[in-house]
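Starting off, we have a lone chain in the form predicted on its own, written out as structure tokens.
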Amino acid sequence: MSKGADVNAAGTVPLTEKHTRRSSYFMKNWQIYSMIAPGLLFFVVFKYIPLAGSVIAFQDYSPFGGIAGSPFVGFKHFSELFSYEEFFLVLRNTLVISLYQLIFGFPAPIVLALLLNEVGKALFKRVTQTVLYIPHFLSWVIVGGMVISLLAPDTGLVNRVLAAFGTEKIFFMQEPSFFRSIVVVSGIWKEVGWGTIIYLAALTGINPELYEAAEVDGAGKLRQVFSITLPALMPTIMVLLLLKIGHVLDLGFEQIYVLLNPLVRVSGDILDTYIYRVGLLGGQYSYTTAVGLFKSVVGLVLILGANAISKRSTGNSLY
């Protein structure tokens, strides 16, 4: 028997008061911590452990040699990354589409939540919310198929409506100039209803007496929105905006991949589809891991910078 075990068994070394309080606290609240445990386990297994695989960005990785058997090459793949013209093309596409989504997609749930908040009929409001939520539960395969069908040159509804006004049919899915607009609009349609949930929840926390006082002072609906509703929503808006900025290079693979085709690749190929095409299909694992690492570092820098600016200018921040 070890010396430490003897001491503990005999109780000759009592626990400190701080340790006793901490143990008592955890024992008292073990139900809460047991609820947190699955979430922590998820992040450890699926987020933190895979980070170790990023080391292949600094290797000439070979599936046969594995991480242990592949030679280290330092920043070779990062140097290649910034020397490829194709990389800057997909980086530009990613930034432009992200900017469009930030300008048009981010305010859409706010506007919709404000409109829904003004609806007086409870039944109409619930039906409308349910209809708006439904697209969120559809996969991008289904939504992409619907978009392609609606925009088809011969049988699509949009071209039939345009034909009724004497306009010649337009090949929307083959024109690079239309692709980014199609991505942004389809993304708004799919997620705008779901995005209103947080804002509607925040709206329920506003004191109704503020609106009553504003009406007594003669403030109209628009004035109430700008003087009461939007200031109350501002902390929620800033937090969600900061999270959105952190994912500015992470547009998501599914939507673009479903809608993308070789004719619109010049304006629609983004970092996610580039990683899939070059990394998985082309077998350049180390190079595309370097691209992924570049995305993560840029996202981290952006969210830290935006958080600091928001904290100084508005007082709202993530931490």
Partner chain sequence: MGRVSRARKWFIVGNYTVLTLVSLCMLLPFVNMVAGSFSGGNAILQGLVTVWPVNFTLENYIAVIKNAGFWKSFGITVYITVLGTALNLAFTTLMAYGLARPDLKGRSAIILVVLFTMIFTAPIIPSFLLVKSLGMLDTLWALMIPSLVSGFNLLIMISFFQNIPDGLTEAAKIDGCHEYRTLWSIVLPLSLPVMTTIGMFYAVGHWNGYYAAMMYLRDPGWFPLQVKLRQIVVDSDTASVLNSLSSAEGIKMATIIVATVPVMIIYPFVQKHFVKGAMIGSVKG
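Since the structure is predicted, the reported quantities are computational estimates derived from the model, not experimental observations. Numbering follows the first chain given and starts at 1. Take the two forms, superpose them, and find the largest set of C-alpha atoms that agree within 1.5 Å; that set is the rigid core.
What comes next is about the form predicted in complex with the partner chain, which is not displayed.
Partner-contacting position among Val184, Ile237, Leu91, Leu132 - heavy atom within 4.5 Å of the partner chain in the predicted bound form: It is Leu132 that has a heavy atom within 4.5 Å of the partner.
Which residue, Gly145, Pro231, Pro176, Pro71, has a heavy atom that falls within 4.5 Å of the partner chain in the predicted bound form? By the 4.5 Å heavy-atom cutoff, the listed residue in contact is Gly145.
Within 4.5 Å of the partner chain in the predicted bound form, do we find a heavy atom from each of Ser34, His247 and Tyr276? Checking in the predicted bound form: Ser34, His247 and Tyr276 are all within 4.5 Å of the partner chain.
Does Trp194 reach the partner chain in the predicted bound form if we count a contact as any heavy atom within 4.5 Å? Judged by the heavy-atom cut-off of 4.5 Å, Trp194 is in contact with the partner chain in the predicted bound form.
Taking the partner chain as it sits in the predicted bound form, is Ile206 near enough to touch it, meaning that at least one heavy atom pair lies within 4.5 angstroms? Output for Ile206 is no: heavy atoms all beyond 4.5 Å of the partner chain.
Taking heavy atoms and a 4.5 Å cut-off, does Phe137 contact the partner chain in the predicted bound form? Looking in the predicted bound form, residue contacts with the partner chain include Phe137, since a heavy atom lies within 4.5 Å.
Partner proximity in the predicted bound form: Tyr84 to the partner chain, non-hydrogen atom cutoff 4.5 Å: Close contact is absent here: in the predicted bound form, Tyr84 is far from the partner chain, nothing within 4.5 Å, heavy atoms only.
Suppose contact means any heavy atom within 4.5 Å; which members of 100-126 contact the partner chain in the predicted bound form? Stretch hits, in order: Leu112, Leu115, Leu116, Glu118, Val119, Gly120, Lys121, Phe124.
If the two forms are fitted on the core, does Ser54 show a Cα displacement reaching 2 angstroms between the shown form and the other one? Ser54: C-alpha displaced by less than 2 Å between the shown form and the other one.
Core-superposed comparison between the shown form and the other one, Gly39 Cα displacement 2 Å or beyond: Moves: yes, 2 Å or greater.
Do you see a C-alpha shift of 2 Å or more at Asn29 between the shown form and the other one, with the core held fixed? Yes: Asn29 shifts by at least 2 Å between the shown form and the other one.
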